[in-house]
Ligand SMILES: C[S@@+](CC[C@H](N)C(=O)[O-])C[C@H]1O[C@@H](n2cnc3c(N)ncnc32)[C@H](O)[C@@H]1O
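One chain comes next, on its own, written as structure tokens: the form predicted on its own.
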């Protein structure tokens, strides 16, 4: 039988109506850090198949907002709050995209979530630096789309560039904490970084496409 069929978290996601086991990763992080508070505005980058949006929509409640964007389509309805889904590239997100949803692009989000990962190649270094590229894009976006005191959850593949990523987040957020949820497979190199309370006056700069010493960026796309 496929490994997932025998997996506890896979079965539990099916039982509770979540679209993937990833829901429990965000649930565990939020249970500890309390970032998905009632009424908050959430931006979910790389949102397909929609399990993080499900958790976020449930937790921020009817007065909250959840906006998800992914290259892949997200089908079906997600209940719990005002939810908008955009099929497109995170790198192309702009004011016009938010305006088309009826949102004011000048109003920042309270939380940015990113479960994005590069299309894996089997090469640990290539996949790691592909992950770093995506993380840098998210941090660049945080400077303009995240409110002061806003929070961030980002997935990364551990490797040589991880320290540089953590150092950059420490420059941006008052507190940075790692997380390895129980629902992450033991063989996975994924880890999550939680940035709490964006500092006032943070200005993001365009960063190199890969950390120093890394290979060139992967061609576009991401997956889970």
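Note that the structure is predicted; figures quoted are calculated from it, not measured. Numbering follows the first chain given and starts at 1.
If you look for the form predicted in complex with the named molecule, you will not find it shown, but the lines that follow are about it.
For a residue to qualify, one of its non-hydrogen atoms must sit within 4.5 Å of the named molecule in the model of the complex; none of 136, 166 and 193 qualifies. Shown alone here, residue 90 lies within 4.5 Å of the named molecule in the model of the complex, counting heavy atoms only. The named molecule is not shown here, and in the model of the complex it never comes within 4.5 Å of any heavy atom of residue 146.
At a distance threshold of 4.5 angstroms between non-hydrogen atoms, residue 47 is in contact with the named molecule in the model of the complex. Proximity of residue 71 to the named molecule in the model of the complex falls within the 4.5 Å heavy atom cutoff. Exactly one of the stretches 146-154, 82-90, 95-103, 120-128 approaches the named molecule in the model of the complex with heavy atoms within 4.5 Å, and it is 82-90. Taking a 4.5 Å heavy atom cutoff to the named molecule in the model of the complex, the contacting residues in 9-25 are 20, 22.
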